[in-house]
Structure formats: C-alpha cells, structure tokens
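Two versions of one and the same chain are coming, encoded as structure tokens; call them structure 1 and structure 2.
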Structure 1
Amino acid sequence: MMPILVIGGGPAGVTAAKSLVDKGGEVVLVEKTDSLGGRAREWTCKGLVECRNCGVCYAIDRAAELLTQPSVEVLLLSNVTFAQKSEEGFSVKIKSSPRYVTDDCIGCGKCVAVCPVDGKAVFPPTGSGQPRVHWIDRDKCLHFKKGKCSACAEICPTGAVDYEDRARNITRNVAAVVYATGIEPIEACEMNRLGCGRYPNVISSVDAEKTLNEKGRLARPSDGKAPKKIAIIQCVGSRSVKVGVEYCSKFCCKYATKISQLLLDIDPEVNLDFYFMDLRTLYEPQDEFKVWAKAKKTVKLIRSMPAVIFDRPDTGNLLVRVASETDLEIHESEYDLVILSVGMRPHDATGDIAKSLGINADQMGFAATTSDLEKSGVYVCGAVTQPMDIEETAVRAMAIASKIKTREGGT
C-alpha cells in the first residue's frame, strides 16, 4: 500500500496524518521546521484551572502522539523539492536537512549556554514542539563555517551532538498528497503598526503568546516588571484596506478574549482595556465575554480602534488615543503594556511545489481544495485554505483524511 504524503506538521497535518493511519494507512509527513505542532507550539494554554477551549494542547498532544505511530514516517527539517504526477499517484523528492543532534538529547540546554555564536547556532525544539530534541543551524554554526568550535559536543552529557549528520535526499511514491502548510502572522510589528517594533512595551499577540507559553506570565520588555494596566487591541492587520489584509482572521477574538481571562487569572488586579470593532468569539455566546468583563471590575470593553499610540520614554508607558464610538470625543488612556492582536496570512501556497501539485492560490494566498484537485489526488487542508481556529482545523483535517481513506485505498 502506498503511503500518503502530508506536507506540514501543524495541527492540520498531524490530525490528518493520525486519522489516515487510524485504520491501517501509511503516511510520510514532511515538516520544514525542527518539530511538530505548528504555530501552536508557541501559543499558550489559556486556562489556569478551567479549560478555555483554545485547542493548543490538542495540537501538542496530536504531535506527540504522531511520533509513537509506527506507520508514520516523520521527516523534520525537511522540504519537498519535487513533485510529479505518476500513474498511481505522485512521485516526490524530499530534502531532509541534518539535525546534528541525535535522539540521545535530553533537552538540558547546556549546548545553548556554551554556544559562542551571537544569537546562537544551536536551539531547543521550538516552543512546546515535539520531539524534545535540540538542533543545530548549520548556517550559523562555527563548527561548519570556520571548521572549529566543538563546544556543544564537548559539553553534551549524552554525546548527542553529531557533526557527521548528513542531508538526505529521499524519494517516495505516494498515493495522494495532503497540503497543510498553515499560516504566518501578519507582519504588524515589522510595519511598526501602532508603535510595535518601535516602543518596547508594545508587543504583538505572537510575542505575548510565546512569553506566556514559556513563562506563564507577561513581563514588560523595558524593565521586566509585571504589567498592571494592559491594553489589548484587536484586528491589527486584519479587516483593513490600508494595512495587512482585508479579511477577518477569524480566531483573534477567540484567542484575545481568552488571553484576557488568563491574564486576570494570573493577576486579578490587572486593569485591562479591550479595544475591538466586533466581538467574534467563535462558537461561544456573543455575550459571554461581556458578562465576564462586567463581573471583573477592572476590565473594559471599548468598541473603537485606536488611531495612534504615543510612548512615554521616561516610564516606557504608552498613551493610546481613540475616538469613542458613542460621544465622538477623543480619549487618551495610559497603559504599561499594549498587546496588538495580529491576524494571519496563509503560508506557502503559491510556491513551486504548490504549483506542481496543481494548487492555485487566490490573490490573498489562500488555496482552496477543489473537486478537480481532489480527483487528482491533492487535498488542501487547514488554515492555508481559509482562516480557521485549531478546532475547526482538526475537524476539517479529520473529514479530509476520511475522504482520502475511503476513496484512495478503501478501509
């Protein structure tokens, strides 16, 4: 039986892969980064006592589970370099880059501590990604660039550093392809939107999630102190004609409201102002967040988008200026931390491999799955097709896997 190729190891890819092998299938999963889990690796669980249904642990659990499945060949740090339709499906070539660290790695991080490279050349697995094995970036590593330095190999307690690791060129014949390359965040900070990238205490939701996932609390970048007066601003880069994208990224309200609730769990005395246009809390009653906010005396919902943010260099605080919806007056509020909820773009649906698979992305970069595409054996899956949260991604991935199994080879 020929395996199915799954391109992408995020929530869509790992869910599809697991569903495909559930009743005796085989999968080759190609993931370009060091570990499975996708963007969810650097997103935080949003509950402290009670689950808030964000789906992050689901993605991590599926990623960990996939590594225990004997009929899944997981290729990390790998890319599909060639794909061509064949009689029985597709002939694909995969370049698997060397990791330089073996499974003996215990994740102690001593290698990172001794690495002399500025910005480091050896890294832990991304966020909560699986497997928990470090990896070396050859392009930054002095051992490869200058032929000297074995600091990490020398300090590794288990001898897990393997400079002899080599790239592999792998050929596989597969029956079908699931294309699940996921998303990338909108480049709000790179565009210095609302002071992000200029003022230290304006951070993106991506940064906030990463910090919360690593440390369990937020700290102001300027002085490391816990924030006491936070502004969260929605729709940064989404629903916009001028900046970013015109569509709604769909899951930002869901995540931002849950992060707000988590921040209040962590510090019940935090003041939090939530700036938004429309409250799109997916699959929850639209009043639920409002009811919660009302009960918390320190949370305010402000239906207006700030036009400009000024900084106060002496304290690092931010002044947010906004026109109120009701009285049309200008209000200014001071915060010690501002979080911009950035939206998402589809990732990598327009490149050569996508094209050779017959995938046509629209001008926004989304690649819908079509019946012609499916007939040819290619299925596009997950948020690369349209904005969706982890739960919807999982459901659609299961549906697609089921479709493939019952069409391609029978059950």
Structure 2
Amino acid sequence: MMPILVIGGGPAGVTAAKSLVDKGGEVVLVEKTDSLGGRAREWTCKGLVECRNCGVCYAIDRAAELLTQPSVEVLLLSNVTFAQKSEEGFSVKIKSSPRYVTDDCIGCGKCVAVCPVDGKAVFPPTGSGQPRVHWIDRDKCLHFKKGKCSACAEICPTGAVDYEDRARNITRNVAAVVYATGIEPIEACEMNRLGCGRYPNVISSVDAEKTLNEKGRLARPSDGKAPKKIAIIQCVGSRSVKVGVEYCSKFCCKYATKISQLLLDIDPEVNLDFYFMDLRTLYEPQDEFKVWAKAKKTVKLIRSMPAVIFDRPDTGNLLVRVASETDLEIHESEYDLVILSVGMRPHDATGDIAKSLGINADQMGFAATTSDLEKSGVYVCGAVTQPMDIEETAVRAMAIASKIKTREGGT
C-alpha cells in the first residue's frame, strides 16, 4: 500500500491526513515550519466563558492526534523539492532540515533561558504548535558559528540537544498528493493611512491573536497599559483595488467578532467600537453578534471604513477619522488601541512544486482544482483554494480524504 503525500501541516493538511489514517491509509506529511497547526498555532481560543466555535482548538487537537499515529510519517522543517508523475503515482524528493533537538525534549525551556545569543538561537515550537519540541537555528547558534558554546546541551535534563543532527534528502513514492499550503495574512502596513508601522498602538489582528494566545490579554505596545477604549477596523487589505486584494477574505468578520466578545469577557469595562463595511459571518447568523453588541452598553457597531488615523504624541492615543454612513458628516474618535482586521492571500499557490504537479492559479491567485487534476492524483485542499475558515477547511479536507480513498481504492 503506497502512502498519500500531504504538503502542508495547517488545518487542512492535518485534517486530511488524520481522515486518511482513520480510513486505513498511510500518510507522509511534509511541513516547512517547526510544528504542525499552521496559522491556528498563533491564534487564540475565543472561548474564555463558553466555546465560540472558532476552530482553533480543533486544528491543534488534530495535529496532536496525528503525531500518535504509527501510519503517519511527519517531516517538519522540510520541503518537497521535486515531484514527478510515475506509473503508480508520484516520485517525490524531500529536503528535511536538522532540528538539533530530539523528541526527548520535554519543553521545559531551560535551554532558552541560558542561551546567550541576543534574540536567542533556540526556540520553542511556534505558538500552540505540535509537537512541543524545541529547535535550534544554526545560523544564530554560537556552537556552530564559533564552536565554543554548549550551554543548552549542558543544562538539558534529558540530553535532547543533538549538535550532530544533519539534513536529510528523502525520496518517497506516493499514490496521490494533497496540496494544502494554506494562507498568509495581508501585511497591515500596506494600508499606511491607518497608521500601521508609524504608531505603536495600531496593531494587526494577527498581532492581537498572538498576544492573546501567549499572554491572555492585550496591552498597549507603547506603555504596557491595558487598553480601555478599542477600535476594531474590518476589511484592511481586503476588497481593495489599490492595496491588498480585491476579494472579500470571508472569515475575517467571524474571527473579529469573536475577538470582540473575548475582549469583553476579559475586561467587561472595555469600550469597543467595531467598524465594518458589511458583516459576513459565514453560515453563522450575523444577527447573533448584532444582538450581543446591542445588549452591551460599551459596544458600538459603526458601518463605515475609517479614512485616516492620527496619533496624539502626548498620550499615544489614536484619533480615528471616519465619514458617517451617509457620507454627509465627518466624525473623529479617540482610542487607546486600534486593531486592524486583515484579510488573507493564498500561500504558494503558484510555486515550482505546484506547477510541477499541474496546479494552476485562478484569476484571484488561488490554487484551482479541476476534475482532470484530481484524476491525475493531485487534490488541492483548504484555504489555498479559496477564502474559508477553519471549520469549512476541516469539512472540505475530510471530503477530499473520502474522495481519495474512493478513487485510489486499496491504496
């Protein structure tokens, strides 16, 4: 029985891989970063009081489950460098970079604490990523640059540091390929009129997610104080012909509304203004958030896209200038913190491996799937194909796994 190759260890990749294993298949999963989980690794659970179905824990749980499966070969810090159609499927070559830390790592973090490098050379897995095994950046590590330091190896209680680890070139023959390279966020600073990169208290939704995931609450970057008046601005980098992308990124409203609810759960005294053009929350009734907001005296929904943001140098506060819904008036409001809710782009939809597999991009830059492509044994999966949230990604990934098992028969 030949395995299935899954390229990408985000929500789509881990769900497809787990579904294939559950159906009796074998999987080789290739992920270029240090851990599984994709973007969900850095996003926060929105359910402080109750589950809000953001899907973050789903992706992380599937990743953790996958690592316990003997029929899955997980290759982290790895890239597919060559893929060629063969009579039985595909012949692929994979370059796997060394981690320099073995699976004996217990994640205690002592190695990070003693690392003398400014900015550190040894790192824990990204966010909530799985497995919880550290890794060493050879380009920064003094052991490799000068041959003198072994502080991390000396303090490691399980002897997990392995300076002799080496890169590997791996060849695998696989029956089919699942291409699930995911998304990348639009850079908020592309919208420079909104103050990103100029004013420290203007942050992106990606930054907000990371901070909430790591620390459990937001603080103003300028002074570390807890913000009491927050603006969340939707559609930053989406639905624009000048910067970012022309399409609606679809899932941003859903996550931003849930972040809004989380911020009020953390601090009920926060005043929050939610700026939007259209409120799209996928299949979840958008009225649910509107009802919640209406019941909160400290929450306002404002249907308008801010034109520009200025700062007040004396306080670090931000002045948001916006037109009224009728465009007849200009209003200005002051905030402690502004969160720019950014859209997304497909990641690596037009790379060399995608091209070698016969994957083409559509007019918006997403990886296009066709019946002929699937007949050849290549299945494109997840948000690299179109905007979608984690839940929709998981459903489509499970459908792809079923299709593969049906079409590939006993493989």
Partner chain sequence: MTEPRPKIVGFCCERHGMDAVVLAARSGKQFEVSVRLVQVPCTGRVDGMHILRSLEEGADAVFVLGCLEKNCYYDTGSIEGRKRVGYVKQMLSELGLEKERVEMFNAASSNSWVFPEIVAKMVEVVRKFGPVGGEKR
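Predicted, not measured: the structure shown is a model, and the values here were computed from it. All residue numbers here follow the sequence of structure 1, with the first residue given the number 1. Superpose the two forms; the largest set of C-alphas matching within 1.5 Å is the rigid core.
Which of the two structures shown, 1 or 2, corresponds to the form predicted in complex with the partner chain? The form predicted in complex with the partner chain is the one given as structure 1; the other form is structure 2.
Lys297: Cα shift of 2 Å or greater between structures 1 and 2 (core-aligned): No, the C-alpha position differs by under 2 Å between structures 1 and 2.
Is Ala83 one of the residues whose C-alpha moves 2 Å or more between structures 1 and 2 after the core fit? Ala83 C-alpha, core-superposed: shift of less than 2 Å.
2 Å or more on the CA of Glu154 between structures 1 and 2, with the rigid core superposed, yes or no? True for Glu154: a C-alpha shift of 2 Å or more.
Fitting the two forms on their rigid core, what distance in Å separates the Cα positions of Cys141 between structures 1 and 2? So the C-alpha of this residue moves 2.3 Å.
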